[in-house]
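This document starts with one chain, in the form predicted alone, laid out as structure tokens.
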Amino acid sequence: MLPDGGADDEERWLAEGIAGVQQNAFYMHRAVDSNNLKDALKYSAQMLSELRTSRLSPHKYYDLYMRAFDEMRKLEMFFREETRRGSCSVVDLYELVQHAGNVLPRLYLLCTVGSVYIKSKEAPAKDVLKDLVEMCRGIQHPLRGLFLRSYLSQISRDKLPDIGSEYEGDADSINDAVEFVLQNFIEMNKLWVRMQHQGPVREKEKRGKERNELRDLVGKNLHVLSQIEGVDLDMYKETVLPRILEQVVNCKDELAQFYLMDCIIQVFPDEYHLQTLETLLSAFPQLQPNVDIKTVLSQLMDRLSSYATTSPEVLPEFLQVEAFAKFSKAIGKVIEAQVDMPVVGAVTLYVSLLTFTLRVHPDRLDYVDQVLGACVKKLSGNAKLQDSRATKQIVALLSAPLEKYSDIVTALELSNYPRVMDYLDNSTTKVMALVIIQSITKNTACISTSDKIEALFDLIKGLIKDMDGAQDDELDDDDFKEEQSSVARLIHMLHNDDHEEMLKILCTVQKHILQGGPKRLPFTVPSLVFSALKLVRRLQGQDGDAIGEEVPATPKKIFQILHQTIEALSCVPSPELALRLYLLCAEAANDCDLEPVAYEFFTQAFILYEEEIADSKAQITAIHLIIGTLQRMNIFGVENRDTLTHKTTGYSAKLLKKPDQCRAVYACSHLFWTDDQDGIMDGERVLLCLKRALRIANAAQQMANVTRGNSGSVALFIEILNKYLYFFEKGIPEITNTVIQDLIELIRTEKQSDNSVADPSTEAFFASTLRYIEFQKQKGGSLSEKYEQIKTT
């Protein structure tokens, strides 16, 4: 127990101690210089008496010890010189120093002379060392005893009777060297542990910190043991490790057990750990409940797995000693013994075991699944994890197989993988789902069976549907879009060359994403539609009429799935997107010669336009999409096409703004003239559309004149002129050069009217159109002759 005193007092006591050391050292040096052995012993003993203090903390005591230590090195050289000169035999000197008055100085001097005694080789090293280690028992004060034994260890480490050493004796000398170090270690550990139990309870934490500062004094003994050449695997297995573990377990001190187990792992070779794994692991369950076993055990597994990675030739040894089974059993026993171990501790152990397994036995999926199963067993009975540290470890556990195998298909074969994920909270489930998807996209993994996709979508369900208690409204919009975009990318990566299996994949994906709710469907449905349309392109020409779940893959069956999927999207509602997808499907049905299917998709698009799309800008976009798609359709019979074109032109003429009406109506003219071999060529209806567009353009000018006092721009007339020129070149007989000439004159008249508004862009547009006509005149050929009669000036 240290006396109460402040930092200032301790500094004063240290200064007094150093002054005493320096003063006696001065007189000792003077005696040494005059070869006065008696005075040298006297003043050295007085100098060493300063180390008898109990007033200093370990840190301050170390400073004082080092001052004395430096002086003792000089005294040792003097003793060696004295015995060499023959002034005093080493045996007499060894006897002489034992007459020092105080025990502590006596033992320091005895160790110093003992070092000279061993070096003189007048007695076997083992006898001197045994004598010294026994005599040091005379100091039982923890702090003073630790530093004394540390001094003994320091001066003897190069004088052990090791193999190849100049102090090597008979065949058993190596055992004596090991016994000396072990005995010193055991006694030092006892002193170290005893420190914790001296003094008032209120200073327990302070004593723990002080002990922590002294731990290296004890650990150095194990380092010395590891450096002894004669300690081979057999001796380590039969003598060294059992003796060390016996002391570690029996000391029943948390700090000592944690530090010493860590020391064992760090200082001895990996090969020794592998061959004595069972013995080493058997000690872990016997440690105190509060020892941080997970850290030590994790370090052991990490070290051995690194050993296996850097030295592949030792892998058979891991199998021979059944390393995985022993680690797995030991972890189970530790968790069972430490009933109060938090979940994060147990999961951390399993993460380390899984890392070890993936490095050492990457081909043993059964081992990986066994680790995950053990984790599930530990978590069973618990609700969703709320501990952020445990959650982080679970994510690390689940991410490890993905990083190792770079193939989600391998992870999907692990039956316990989804069971571990079930214990994650909703937000972490999403994080893990994103990790899985990122692994797939990064490694371009191919998931090609419906069963695997079913398992995959079960893993990423946190992204594709609302979980119980989940609040997606709280999620940032950008984050939500990124999440759903990742799901969409995943859907695009699903592929199988077998048509039947690909159809099953599409059905599986459809089943899952339709549970996504109104916020998710606009992101995920398009990717499913495009994946399905890719399969349709591969199946073109197979128009089987079979209906039902077990039908072969045919375009008609896929279109049924597409219809159901887009119908769900139109109910979200997201009518503009649904309309686009219906039109895409209609065009695909056209390529497959499925007129009823194509007509049905157009019908659904029209219903959406009529009932759901109210915004005028959205209507404009939709009507032009309809016109463009319908123009490319060549499968419809006369009746169906007339119905659709009539509807389209009717919608065009009913747009809110006159300019929008005009542009939609003249776009409809393309519906009546196509260049395909069997295309529609109805010049009268083309002309009818263009004339109607002119009337609407004229009405728009009149309306502008009434409301704004000017007729506005003539841009609409110029746009219609360009449509006339397009169809004029196509050879429609109803569009003559006279009609075009009249329209040019009309535009000029409108431009020159008092109510017209000058618009540079319109002027440039009209001038460019006239230049085009002149260019066609000069080009030559039949088209040039047609343009010849049109006057631009």
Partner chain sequence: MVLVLALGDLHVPHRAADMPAKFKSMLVPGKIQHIICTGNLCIKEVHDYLKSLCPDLHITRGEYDEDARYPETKTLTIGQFKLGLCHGHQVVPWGDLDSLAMLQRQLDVDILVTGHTHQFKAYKHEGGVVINPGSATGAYSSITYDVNPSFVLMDIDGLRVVVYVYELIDGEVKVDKIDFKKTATMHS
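Residue numbers count along the first chain shown, from 1. These numbers come from a predicted model, not from an experiment.
Not on display, but discussed next: the form predicted together with the partner chain.
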**Item:** Option touching the partner chain, based on a heavy atom within 4.5 Å in the model of the complex, out of 82, 591, 168, 425
**Value:** 591
**Prompt:** What is the one choice in 204, 252, 481, 73 with a heavy atom within 4.5 Å of the partner chain in the model of the complex?
**Reply:** 481
**Prompt:** Even though the partner chain is not shown here, does residue 769 get within 4.5 Å of it in the model of the complex, heavy atoms only?
**Reply:** yes
**Prompt:** Is residue 66 close enough to the partner chain in the model of the complex to count, meaning some heavy atom within 4.5 Å?
**Reply:** no
**Message:** Check residue 526 for me: does it contact the partner chain in the model of the complex (non-hydrogen atoms, 4.5 angstroms)?
**Reply:** yes
**Prompt:** residue 561 near the partner chain in the model of the complex, any heavy atom under 4.5 Å?
**Reply:** no
**Item:** One stretch from 176-184, 260-268, 664-672, 95-103 that, in the model of the complex, holds residues within 4.5 Å of the partner chain by heavy atom
**Value:** 664-672
**Item:** Within 4.5 Å of the partner chain in the model of the complex: residues from 616-635 (heavy atom criterion)
**Value:** 617, 621, 624, 625, 627, 628, 629, 631, 632
